[in-house]
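The chain that follows stands alone, in the form predicted on its own, written as structure tokens.
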Amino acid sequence: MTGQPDSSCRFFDRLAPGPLIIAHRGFRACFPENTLAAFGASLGRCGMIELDVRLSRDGVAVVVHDRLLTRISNAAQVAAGLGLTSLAVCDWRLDQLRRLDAGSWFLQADPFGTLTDGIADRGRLRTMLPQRIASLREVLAWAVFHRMPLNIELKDLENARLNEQLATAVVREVARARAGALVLLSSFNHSLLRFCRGLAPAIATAALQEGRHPSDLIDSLRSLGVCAYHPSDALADSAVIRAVRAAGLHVNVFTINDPVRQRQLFAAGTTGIFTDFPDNVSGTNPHPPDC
């Protein structure tokens, strides 16, 4: 492919104009990440929500960032009772994952210090517990109801067969929910993006990147058929942003919590920024696209 895909790149045309605020794993600074609580708290604060998907043992796309369940759940305490020795997401069936408390860890960890600083409300959080690990199907239904665009990051499962199973499951759920107009698929695994394009060319895709840019960046992005480039902050210099935008592609930079840096990036022509604090960003335009 030598140019942009046609219908898939309409995704960004459907978004409201102005700086695009993307809630990273939901409003994760004040709520347990990748949960319906964090997504619900993002409403009115962002123009898109980013989430992560992995594959359960029974082949269901589930909304979890880490390979292991230890950081964001009580899996270590629950595993023995289920006869499980592994704490990897891929070794748990959906019904087993649903037994976990994926929210209480936030009260102890206070990962952004928002509970200590009084920004997050500990009492309110307690009323929302437990939070469960959600299937992608559940989150897509929620997003369609609220007309909230989603950036679904497909995690690299480091196995070609499993990656293809994950992509197939995700595309199937998006089609089932009739949510294609609301979805942007992204991954650090660019071969996986090509596979997604082959499965569903009408669904928009974006290339995640850290470390260093691909060689021949613009040609590389065009060959992937992506609509957007998602570099880390360390890679997001003004020259790269201008070059990618001049090529007709969008640039969304991760993960930017500093308001000064956010303003710099938008001034440089960045389409959007991923942030853990969507309420701290001025210029938020929460109006979602029409399906």
Ligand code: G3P
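Predicted model only: the values in this text are computed from it and were never measured. Residues carry their position along the shown sequence, with the first being 1.
Below: the form predicted in complex with ligand G3P, not depicted.
- Interface membership of Glu173, defined by any non-hydrogen atom within 4.5 Å of ligand G3P in the predicted complex, is ruled out.
- With a 4.5 Å cutoff on heavy atoms, Phe188 counts as touching ligand G3P in the predicted complex.
- Among residues of the shown chain, Lys155 is one whose heavy atoms approach ligand G3P to within 4.5 Å in the predicted complex.
- Ligand G3P is not shown here, but in the predicted complex it comes within 4.5 Å of a heavy atom of Asp52.
- Just one listed stretch, out of 133-141, 93-101, 119-127, 147-155, contacts ligand G3P in the predicted complex at the 4.5 Å heavy atom level, and that stretch is 147-155.
- The contact residue chosen from Ala75, Leu193, Leu208, Ala179 relative to ligand G3P in the predicted complex is Leu208, the criterion being a non-hydrogen atom within 4.5 angstroms.
- Proximity to ligand G3P in the predicted complex, defined as a heavy atom within 4.5 Å, singles out one entry of Arg222, His65, Arg263, Arg45, which is His65.
- Residue Phe254 is the only member of 224-259 with a non-hydrogen atom no more than 4.5 angstroms from ligand G3P in the predicted complex.
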